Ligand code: GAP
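Just one chain follows, in the form predicted on its own, and it is written as structure tokens.
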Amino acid sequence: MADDLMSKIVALCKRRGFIYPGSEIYGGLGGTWDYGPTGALLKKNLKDLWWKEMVQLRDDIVGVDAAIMMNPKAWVASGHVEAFSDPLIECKVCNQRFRADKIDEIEEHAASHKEKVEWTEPQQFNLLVKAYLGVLEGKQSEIYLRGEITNGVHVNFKNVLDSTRVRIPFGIAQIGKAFRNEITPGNFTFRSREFEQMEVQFYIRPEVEEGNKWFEYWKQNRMDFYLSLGMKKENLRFRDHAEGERAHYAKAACDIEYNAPFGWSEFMGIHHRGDWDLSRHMEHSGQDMKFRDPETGEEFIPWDIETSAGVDRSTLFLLIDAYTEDPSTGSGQGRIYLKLSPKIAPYKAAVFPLLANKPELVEKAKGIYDDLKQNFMVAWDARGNIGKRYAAQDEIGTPFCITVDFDSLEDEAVTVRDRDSAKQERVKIVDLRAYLNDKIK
């Protein structure tokens, strides 16, 4: 059943323009995905809502947009060159490689061969993706595409202090691409080689009480964010890391996991990083990374509480959570729709003329569409019968469909259909903006 659900999700994403395989016409490139028209909108809405909540509505967080390429010394300082690796084993029968800690995948692969499978000894495999800068072959500098976006914040800690009025406690937010040389990408977009992250590094005083307080605060704050997007509470949970599984820098770590068809899976992490990052960059760069309290003159290296979310994983789980099959539509065929929160749906409404071959209806509907798109992302559809148009909009999660009929020419009202209930109501054209504003809150 889980495989069947994922197959349906993947098919819907391709059919309705959410997600395509990367470089598909050339046979693809494993672990890469392209977002189509609806997927790009869904992803943008997620990032915009995150940025609004984290930066726009808060006085204690500012934003940056750091470069993807960094001086390689930054990755030595952060520990990625030495410690950012996974154990790798190789099947001696077919030479496929797997992470040694993914026991289920290893057993499944072994069962796929008739003969007994032999494995190589585990080897550490660095996840950083190498790149080369320079115009002359053989004289290029080796660099890394960033394996996570965190480093770009820490190296700019002093720049932010010097160019703004932030004071401890404060955060620096960033959204951006990261790259990992994943051994076995899989589960659709869940494990990819190119992905996007939304992170806040929140700097606090180096005190145990402060660390515990802010760590718990950010855990609940981030859980509340995903609940506010309409995700089902029963599909979300916290999972604290045991001492032996924490990252090398973490004093404490907790994942927010989603109950995916392929099992409970992490898509958001809260990490107490202590002063690891700033201390390391201070040591390797020779630059002073201390914060000086302007009132007391006290100097210290702040601790960092990180909140790190995968944009692609969040998007995938939003799609899975919203996927709904309703067999009780009366048509005998059932109905598939994405029960996305109107806040995050790619299109907030779709506008239809009842009949595409009636110029007066098309003209009236076009006027409404042109007016609404000044304030909302709205879709236009005049193809086929009205039932097929409803079905197409249901599958991309459009919460409201607005139909202009012959009565609209007389009473200046339209029929608005609700995606989830399929109920219809008449709304005055002049009230449509206020109607949508109220529903999309």
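Start at 1 and count along the sequence shown; that's the residue number. Model, not experiment: these values are computed from the prediction.
A second form of this protein, the form predicted in complex with this ligand, is not displayed here; the remarks below concern that form.
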Fill in: Position in contact with this ligand when the complex is considered in the predicted bound form, options 197, 187, 341, 126, heavy atoms within 4.5 Å
197
Practice prompt. Scan 348, 273, 146, 222 and let me know which has any heavy atom within 4.5 Å of this ligand in the predicted bound form.
Written response: 273
Worksheet item: Is residue 202 one of the residues lying within 4.5 Å of this ligand in the predicted bound form, judged by heavy atom distances?
Response: no
Practice prompt. Would you check, heavy atoms only and a 4.5 Å threshold, whether residue 157 touches this ligand in the predicted bound form?
Written response: no
Item to complete: Look up in the predicted bound form whether residue 269 has a non-hydrogen atom within 4.5 angstroms of this ligand, and give yes or no.
Response: yes
Discussion item. I'd like to check something about residue 310: if you look in the predicted bound form, is any of its heavy atoms closer than or equal to 4.5 Å to a heavy atom of this ligand?
Written reply: yes
Discussion item. Quick one: 150, 180 and 249 and this ligand in the predicted bound form, is every residue within 4.5 Å by at least one heavy atom?
Written reply: yes
Discussion item. The chain here is shown without this ligand. Which stretch in 292 to 300, 361 to 369, 187 to 195, 128 to 136 comes within 4.5 angstroms of it in the predicted bound form, by heavy atom distance?
Written reply: 187 to 195
